[in-house]
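Listed next as structure tokens is one chain, alone, in the form predicted alone.
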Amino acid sequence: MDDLSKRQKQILQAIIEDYISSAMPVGSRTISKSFALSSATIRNEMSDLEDLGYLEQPHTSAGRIPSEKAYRFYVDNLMKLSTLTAPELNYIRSYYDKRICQTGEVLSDAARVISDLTEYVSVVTPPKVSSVLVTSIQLMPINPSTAMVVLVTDTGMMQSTPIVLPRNVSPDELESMSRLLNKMFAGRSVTEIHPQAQYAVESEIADQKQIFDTICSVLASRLENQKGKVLIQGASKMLAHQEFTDVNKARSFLQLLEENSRISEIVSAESDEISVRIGQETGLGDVSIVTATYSAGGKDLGKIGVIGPTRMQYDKVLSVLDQVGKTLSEIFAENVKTEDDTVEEE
């Protein structure tokens, strides 16, 4: 790390924060208003910071803008997390006071909240299928030929899927099959729900094989569809940022967001609880990606994050992700506790 003086750090921080706010190159006169220093002294310091690779000058007569190196130094050494306002905190709570049990709704709301509060693109990965255990499977009759399969996991969250049965089935028979499914899969990874698992207990389900195959296939397909997926919200918000007013750059970015599996791979690959990758560190070019982990029961479940320009309001983004991550973790943990209490009562 370059050994910057205290004054250089203060000047660099002032330049970065002014540029994040205005998107305009910062001149010495602008910065000198915040310091008891002459414009000439500020210019000299800015010139030194440019030589060290922290500032860039887009045009000869223009002010300076921060480099990716500057943003990295700012995030690691200078930035302080912003404090969310009461209305912002209330906005987050307004989505989750109802304690929705459907995983998809909880996560899509999280994506919407993050994007709305940061004005960037939000990304949310669902709980990793491989780390989730089955708590219970319940078959609920809709009509003689249709049932709802309700899968509850050890995260306390529920997924429901309607299925068309290969023949009419009575409520009593569905209840019997629910008990069999729980005998087979409760406490096991959801990845083990697949048709081949039936052979271990073939004799128990000989007269219900076709129905059992249908249920397992639907569940397996539903879970498989979640793998490698990421929820993305707020793509249009990026067009409001100066960096994406260029039509070609905006088009390239929107095409990138369509590559769901690529975004999922990048976001999910990060092992740290909090990660800030800037510019070339992302492998995606002139953007930054900030991610945080949500968890329950001591188990990391998935990632929430933001994709935006390198001129990102990092302190605000990290504060929003921290609060939404804690809220998600509380919801999942509360549902785990509720599920455990239900099991004990039974």
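Residue indices: 1-based, along the sequence shown. Keep in mind that what you see is a predicted model, and the values were worked out from it rather than measured.
The form predicted together with the DNA exists for this protein as well; it is not shown, and the discussion that follows is about that form.
Contact annotation: residue 280 falls outside 4.5 Å of the DNA in the predicted complex, judged by heavy atom distances. Heavy atoms of residue 309 never reach within 4.5 Å of the DNA in the predicted complex, leaving it off the interface. Heavy atoms of residue 34 never reach within 4.5 Å of the DNA in the predicted complex, leaving it off the interface. Mapping the unseen interface onto this chain, residue 28 counts among the residues with a heavy atom inside 4.5 Å of the DNA in the predicted complex. Exactly one of the stretches 66-74, 301-309, 284-292, 39-47 approaches the DNA in the predicted complex with heavy atoms within 4.5 Å, and it is 39-47.
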